[in-house]
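Just one chain is shown here, as structure tokens, and it is the form predicted on its own.
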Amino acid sequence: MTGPARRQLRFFSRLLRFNVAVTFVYRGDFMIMQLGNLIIPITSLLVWQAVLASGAPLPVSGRYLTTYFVLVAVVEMLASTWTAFFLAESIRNGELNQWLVRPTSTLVNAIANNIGEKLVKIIFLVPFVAAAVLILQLTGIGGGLGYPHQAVRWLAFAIAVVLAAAIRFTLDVLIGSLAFWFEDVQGFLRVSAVIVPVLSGAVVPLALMPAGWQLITQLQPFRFMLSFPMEVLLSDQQWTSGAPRTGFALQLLWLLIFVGGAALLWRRGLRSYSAVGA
């Protein structure tokens, strides 16, 4: 590892410890937030189980839906990010100035912040998920949960989640960078808050989308921000058809596209950036 790389790694380590400490100060808020994040998919699960109970012919089983919606809360937390809002604010109010004269980038701090807040969130989310799993097992809703036992599927799932988080982060950098040209990016954030949950599979599993939309839903980038990791873990069809290879190739392609777009906007934005002291 080169000297500059070692120095950036040292800065990242310090920023990560700092962000974990700062995030833990708001542990009460984070605990309530994680409870809310679990209530939404559990509500969706109950709705879809009611649809199954009414006799509707769905392409997935009740056990698949139960496992899917329990895991959605965890994967969504691991992949989600709030970088766009804070990045746009720092550009708009000039706080970006302080990072321009520091030996590391605000984007390094954003990555450390993302990882730090997830370390705190997982502490509160896991007990809630465990309680939900226990209740679902005791009540037998949807026939219980079913997880694969192959280690390779869990490893592929972990890799897909990391790539999903990277895509979401670069999308947020891309949106936040628009603040170099727009006074307010809240409109972009609201549009993203509507589109991403629907097209990523957080609200409705993409397997339940109309058959005529399947080609579009399989290729569009938001699938790889949540649905694809779930498919890699839970869908037997993915493994029997060899589809994970194609899926990972598409996920990497979308990641490269988002990284390229975010890097282009960030560099051009810095050239046009002006603020007091900048």
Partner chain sequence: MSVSTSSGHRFDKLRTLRFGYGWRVARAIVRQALGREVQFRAQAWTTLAVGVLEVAVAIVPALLIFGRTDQVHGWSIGEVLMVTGAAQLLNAFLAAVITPNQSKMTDYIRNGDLDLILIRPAPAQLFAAFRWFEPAALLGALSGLAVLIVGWLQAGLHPSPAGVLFALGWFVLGCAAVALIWVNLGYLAFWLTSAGQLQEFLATLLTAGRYPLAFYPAAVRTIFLSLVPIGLATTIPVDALRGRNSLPELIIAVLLLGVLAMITRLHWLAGLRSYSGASS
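The structure displayed is predicted, hence computed values, not measured ones. Positions refer to the first chain, counted from 1.
The discussion below concerns the form predicted in complex with its partner chain, not included here.
For residue 59, a non-hydrogen atom is located within 4.5 Å of its partner chain in the predicted bound form, even though that partner is not displayed. At the 4.5 Å threshold, heavy atoms of residue 48 reach its partner chain in the predicted bound form. Of the heavy atoms in residue 138, none are within 4.5 Å of its partner chain in the predicted bound form. None of the heavy atoms of residue 237 is located within 4.5 Å of its partner chain in the predicted bound form.
If you check its partner chain in the predicted bound form, you find a heavy atom from every one of 29, 54 and 207 within 4.5 Å. This chain is displayed alone, yet in the predicted bound form one of 130, 101, 191, 155 has a heavy atom within 4.5 Å of its partner chain; that residue is 191. Scanning 198, 74, 119, 108 against its partner chain in the predicted bound form with a 4.5 Å heavy atom cut-off leaves one residue, 198. Residue heavy atoms within 4.5 Å of its partner chain in the predicted bound form occur in exactly one stretch of 244 to 252, 62 to 70, 40 to 48, 218 to 226, and that stretch is 40 to 48.
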